[in-house]
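Only one chain is included here, represented as C-alpha cells and corresponding to the form predicted alone.
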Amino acid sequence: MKLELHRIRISKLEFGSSTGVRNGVLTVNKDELEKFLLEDERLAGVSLDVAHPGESVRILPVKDAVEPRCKLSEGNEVFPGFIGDVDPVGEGKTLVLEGMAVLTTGRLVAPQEGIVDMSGPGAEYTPFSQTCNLVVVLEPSEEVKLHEAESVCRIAGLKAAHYLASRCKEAVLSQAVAADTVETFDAPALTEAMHAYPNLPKVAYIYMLQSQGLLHDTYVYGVDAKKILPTLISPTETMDGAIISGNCVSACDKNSTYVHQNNPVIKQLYARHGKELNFVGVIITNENVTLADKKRSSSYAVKLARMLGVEACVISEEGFGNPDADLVMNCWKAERAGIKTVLVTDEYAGRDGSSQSLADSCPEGNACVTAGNANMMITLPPMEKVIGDAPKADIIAGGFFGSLREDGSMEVEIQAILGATNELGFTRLGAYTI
C-alpha cells in the first residue's frame, strides 16, 4: 500500500464568499458550512470562529481536533465509516491542509475540559496553539442524550474537516494550486516486509486505543474499538483517518483525531526504517475494563507480534489509571516472549511529583518514555476573547474549588490543556540531558 500526502500549507484563515485556498490563505464560506452542518437535525446551533497563533484567545472545552483531508485519487474517501465507505483506505493520493485544525467545542459532558490558549503560558503546553484553528461551536438539541451528543459533535468535526479539503480539491487537480510538499509512505506486503533489511532488527508498534466505554471510545472504520480483537493495520490507513477519536477523557493525554492522523510514533518508525530498524507493522489493541478482557487483548496483541517475528516493539498508551494495567500487561507478556519493549506513557505523580506515577508496574518495564506529569500546576492568565463555553461553576477538570478567578484567570493542572502530555509524543514538552 502506497500513499502520497499532498500538503498545502495554511498560514491564515478568513471568512469570505467562497471556500478555497490561495497563497496559503484558506477562505471559508461561513454561512455555507454552518448550513451544511445544520443538516443534522440533532444540532440546534452551529457557529464558526477562527483563532491564530499568538492571539489573546482561549478556546474551551475542546472536544476534538481534526486535520482537513480528502482523497485526490479514486477509491474510498477519508474517515471510513463516517465520511467514506467502510472499504479500506491508505492508498493513492490524499490532500492535506497542513498547519490548521478544525476544533470542535461545546459543553458535552462534565467535568472534562480541553483548553487551548493561543498565547501566554498555556500555549506552551498545547500543539494546537501553533495551528490556525477553525473553531466549530456546537449546540446539540435538548432531546439529544449525552452519548448521542458526542456522536453528533464527532461527526460534525469530520464533516467540517472534509468539507474544507474537498473545496480545495479541484484547484489542486487542475494545477491552479500546487502542493507545497508531497510525502510518500509505502507499506509493502508482509511477505516482502518480513524479509527486507535482514541485518536490521524487526520492530512492530502496539498501538493502544482508549475503549473503556461511557464516552471513553475510539473508532476503527466506524467500529467501536472495545468490540475488536487486536489486529494488524497498515500505518498508511491511520493517515487517511481510519482511527477516529470518540472519547471525553482527560484533555492532556487524549489522542484527538488529528493526532491519530499524524501519529508521531509511526512517523519516527518510518524515518528509521531501513536505517536503524525494519518497521514491519502496526498492531492496534484496545484498553479494557475487566481482567478477562485485559488478558485476552494483551495475549492476542503479543501473539500477533510473535507471528510477525519481531525482536522489539513500541507500546503507546492512551489515558491513565485503569489503562496502566493494560500497558503493563502488554509489556511483560511481550518481554517474556523475547520481544524487547519501549513504553510511551505519561505520569500522574501528584502536584509535587512525589506520588507513584503509574497505577501498575512490572520489572520488565525498564525502558519507558514519559510525556510529563499531568498533575503539574499552571496559572492561565485571562484572555481578551473566549471561544466556546467558558466555565460557569467554580471548578473545572484539573482544577479545584477556587480555580476560577474573577479576572478570568484560572489555576489548573496541565491535564486540563489539550495535548499537554500526549502519550504518542504529540506534545510540546520535551527533555534533554546535560
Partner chain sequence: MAYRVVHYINQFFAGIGGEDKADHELEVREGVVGPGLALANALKGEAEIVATIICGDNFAAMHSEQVCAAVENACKQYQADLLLAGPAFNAGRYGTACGMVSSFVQKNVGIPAVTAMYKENPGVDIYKKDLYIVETGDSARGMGTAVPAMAKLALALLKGEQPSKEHGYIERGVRVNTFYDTCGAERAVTMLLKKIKGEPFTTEYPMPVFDRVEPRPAVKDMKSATIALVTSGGIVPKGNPDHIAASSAQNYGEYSLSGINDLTADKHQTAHGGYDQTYANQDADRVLPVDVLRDLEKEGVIGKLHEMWYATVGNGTSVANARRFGQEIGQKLKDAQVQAVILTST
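Residue numbers count along the first chain shown, from 1. Please read these numbers as outputs of a predicted model, since none were measured by experiment.
Only in words, not in the display: the form predicted together with the partner chain, which the text now covers.
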Q) Taking 272, 344 and 370 as the candidate spot, are all three within 4.5 angstroms of the partner chain in the model of the complex by heavy atoms? A) yes
Q | Distance check, residue 361 to the partner chain in the model of the complex, heavy atom within 4.5 Å | A | yes
Q.
So in the model of the complex, is the partner chain close enough to residue 366 to count as touching (4.5 Å, heavy atoms)?
A. yes
Q: Flag residue 8 as yes or no: does it have a non-hydrogen atom within 4.5 angstroms of any non-hydrogen atom of the partner chain in the model of the complex?
A: no
Q. If you check in the model of the complex, is residue 424 within 4.5 Å of the partner chain, heavy atoms only?
A. yes
**Q.** 97, 313, 283, 115 - the one with a heavy atom within 4.5 Å of the partner chain in the model of the complex
**A.** 313
Q. Pick from 222, 201, 188, 92: which has a non-hydrogen atom within 4.5 Å of the partner chain in the model of the complex?
A. 201
Q) Which among 301-309, 238-246, 120-128, 165-173 is in contact with the partner chain in the model of the complex, heavy atoms within 4.5 angstroms? A) 120-128
Q | Contacts with the partner chain in the model of the complex, stretch 334-355 (heavy atom within 4.5 Å) | A | 335, 340, 341, 342, 343, 344, 347, 349, 352, 353, 354
